[in-house]
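Below, in structure tokens: the form predicted on its own, a single chain.
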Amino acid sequence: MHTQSSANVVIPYYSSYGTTHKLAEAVQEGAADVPGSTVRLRRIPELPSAEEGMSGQDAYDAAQDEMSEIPRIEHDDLRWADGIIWGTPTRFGNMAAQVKQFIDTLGGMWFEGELEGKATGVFVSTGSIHGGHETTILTSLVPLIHLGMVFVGVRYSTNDQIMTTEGIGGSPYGPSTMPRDESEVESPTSDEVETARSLGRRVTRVAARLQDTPEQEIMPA
């Protein structure tokens, strides 16, 4: 049992080449900034059919080796958590199949209402500035709302960088980034990292408040 005004947060993410993994670490840092929080970083595993033949196989293999020590996400991690922050690369404007496949295993938890009332958020990585930064988060909301979770975005007032006209990821829906292997700009950028930390802090604080206030008091019958 955690104490009042604290929150358990799990960050399940899938990453092919390590970009989403870097953003996940920033989200973890932000969540850990909140006093009383306990944070777990968890890896959504690769699909067996996709483990070979990825484009850029060497880079893919190196990224998977780097993440291999991170525990795989389990249903019990979601039961333990008060807040769940999902990370995914975009696939044609949607979450990656690896993430959707894991969510598709949650039918029993949906039936029992085990995820209802938990705070949630989404962060993404894309292949380009127009690759689905916003649509991936918005389309990811559909199964999360079916599961009864409470979505948390990123406030403009604490993230001035999402007002920029430069090619920087991030929106009021959540943090995002893109690979920049052919430039001197680090990926994620410092602005993108700060947006990710902000989401981690905000979901954690909302999760703690939801634990302090029973759902029947939030939503009258």
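Everything numeric in this text was worked out from a predicted model, so none of it was measured. Quick note: we count residues from 1 along the sequence shown, nothing fancier.
Keep in mind the form predicted in complex with a small molecule is missing from the figure; the text below concerns it.
Contact annotation: Gln101 falls outside 4.5 Å of the small molecule in the predicted bound form, judged by heavy atom distances.
Though the partner is left out of this view, Ser15 does reach within 4.5 Å of the small molecule in the predicted bound form, counting heavy atoms only. Although the partner is absent here, Gly113 lies well away from the small molecule in the predicted bound form, with no heavy atom inside 4.5 Å. Taking the partner from elsewhere, Thr20 is found to have a heavy atom lying within 4.5 Å of the small molecule in the predicted bound form. Only one segment in the set 114 to 122, 146 to 154, 90 to 98, 74 to 82 has residues whose heavy atoms sit within 4.5 Å of the small molecule in the predicted bound form; it is 90 to 98.
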